[in-house]
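In structure tokens, one chain follows: the form predicted on its own.
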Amino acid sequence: MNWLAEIIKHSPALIVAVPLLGAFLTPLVGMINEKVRNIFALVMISITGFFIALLASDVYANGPRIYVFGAQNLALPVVRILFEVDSLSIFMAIVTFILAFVALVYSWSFMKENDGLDKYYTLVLLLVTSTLGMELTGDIFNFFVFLEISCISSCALIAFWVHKGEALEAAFKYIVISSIGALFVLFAIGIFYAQYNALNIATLANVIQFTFLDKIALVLLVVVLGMKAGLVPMHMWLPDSYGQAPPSVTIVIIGATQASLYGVFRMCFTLYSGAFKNVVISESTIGLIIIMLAILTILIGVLMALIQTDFRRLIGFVAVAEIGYIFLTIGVGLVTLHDPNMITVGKTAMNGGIFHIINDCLDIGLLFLSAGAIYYATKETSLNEMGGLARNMKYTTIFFLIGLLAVSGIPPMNGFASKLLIYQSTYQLNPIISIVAILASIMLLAIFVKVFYSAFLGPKISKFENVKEVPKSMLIGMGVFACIIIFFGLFPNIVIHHLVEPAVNVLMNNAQYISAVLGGV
């Protein structure tokens, strides 16, 4: 059908245009009715999801799709925007859609009593737009532009509860860190443009020489994107931001954080992969440095979570630890993929890392939504003031238990499947790394067992006698995450075969990416 082919052809643009249009129209729709505004935001995200599904079916069947705004000839020095959608990009877009859809469903009741919801929904749609733009663009300058939009909208959302001093402090930290990071990215872009007169990722990957300036640009990009993802020692903003933002906002910000992580994968394995092949020692050295930082991230995340008494801040530090597991796979991939004898280890690590991206979003997201449900019902975030809530909040208790088991890597939840791949690959590289990663997961389980007892079990507390279960829209939001977690845990091979491996194959073959872009426009 020609009309379907036309829709698929323009899907890369529509995926970004629809939520952007929704962001601009939301204040106008809000003037009609609050309920209509909420439905409108949900419809716009659903339409975006429809285009993502169409494009995903095309990408998985026919390979990468290129979409150019402007001149088709990359040799011409004119302004253009290029989207390059391959299996990795569309995988990230699917993750972003799931998070955004659940966030809007959950927001329906959770944010109901708040003022300024026109701004809230506008900012959420703008953040989704920027996250999708970061994942679909094939141009490093446009990646920077979308990153900036993401930072500004995230900062405004973190400070949404403006009456709370802690929220303003968290937003201030976030914008300072983001501004410094933006300068570094801009400096790296300047290095590329000065040397190669190009900003397209495929064009740069085709000509990059790994000069001294290229090494500086790589360090700047990995540092900034690692900082945005929450890598130690640049993680300090993450627990504050995750803990102070409304939980529905937190899961959308998690999506933006994972987009930065996607940027690290793209820079290391697509942009610099060809250059690494000529200087093997550099690839291994960078990989080992990332492994050390990843281990530090896991340990600091777990140890800091151990001493927290604020529910959401504790989950924020656990999120830091989970980011460490994903960076661990990046490091293992860089160390092993150039070695023909270790390529299987590298591929296993990459499978584990990409799979853990979506699992991290689901598991941490469900824990934040559960913590948000407790806050909604009790207005309490201190674990020392909670207890016995399982009597009044049975569904929330079950959802938190699922999230607890998933993030700790306990079968049959999804976290077990991806962490097992990470343990296998790291054990073959160095058993000590694997043992540290396993011990950290055991500590996570111990921490959450303590949290579960403090919040949900124990004696009945008189001030919570009238506490009721949260509204249905919040339960539906948590239920969606819980169902996907269980499905991924029971049938991991389906996810790995259809979603994860195609994304990993793209990362392992940057020549295919280059030829798809340079030969496709």
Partner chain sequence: MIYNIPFIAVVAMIFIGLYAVVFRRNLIKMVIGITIIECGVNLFLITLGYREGGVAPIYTSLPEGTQYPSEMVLPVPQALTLTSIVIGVAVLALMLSLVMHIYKQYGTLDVRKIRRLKE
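Values in this document were obtained by computation on a predicted structure and should not be read as measured data. Residue numbers count along the first chain shown, from 1.
Form predicted in complex with its partner chain: not shown, discussed below.
Just one of Phe416, Phe141, Phe448, Tyr375 has a heavy atom within 4.5 angstroms of its partner chain in the predicted bound form, so which one?
Answer to the contact question: Phe141.
Though its partner chain is not shown, can you say which of Met386, Val232, Ala159, Ala440 has a heavy atom within 4.5 Å of it in the predicted bound form?
Spelling it out, the residue with a heavy atom inside the cut-off is Ala159.
Find out whether any non-hydrogen atom of Lys347 is located within 4.5 angstroms of its partner chain in the predicted bound form, and reply yes or no.
No, Lys347 sits far enough from its partner chain in the predicted bound form that none of its heavy atoms falls within 4.5 Å.
Does any part of Asp339 reach within 4.5 Å of its partner chain in the predicted bound form? Heavy atoms only, please.
No, no contact at 4.5 Å.
Indicate whether its partner chain has at least one heavy atom within 4.5 Å of a heavy atom of Ala171 in the predicted bound form.
Yes.
According to a 4.5 angstroms non-hydrogen atom cut-off, is Asn114 in contact with its partner chain in the predicted bound form?
So Asn114 does not count as contacting its partner chain.
Please identify, from 352 to 360, 95 to 103, 331 to 339, 238 to 246, the stretch that has a heavy atom within 4.5 Å of its partner chain in the predicted bound form.
Result of the contact check: 238 to 246.
Taking its partner chain in the predicted bound form, which residues of 181 to 198 have any heavy atom within 4.5 Å of it?
In sequence order, Leu183, Phe184, Leu186, Phe187, Gly190, Ile191, Tyr193, Ala194, Asn197 come within 4.5 Å of the partner.
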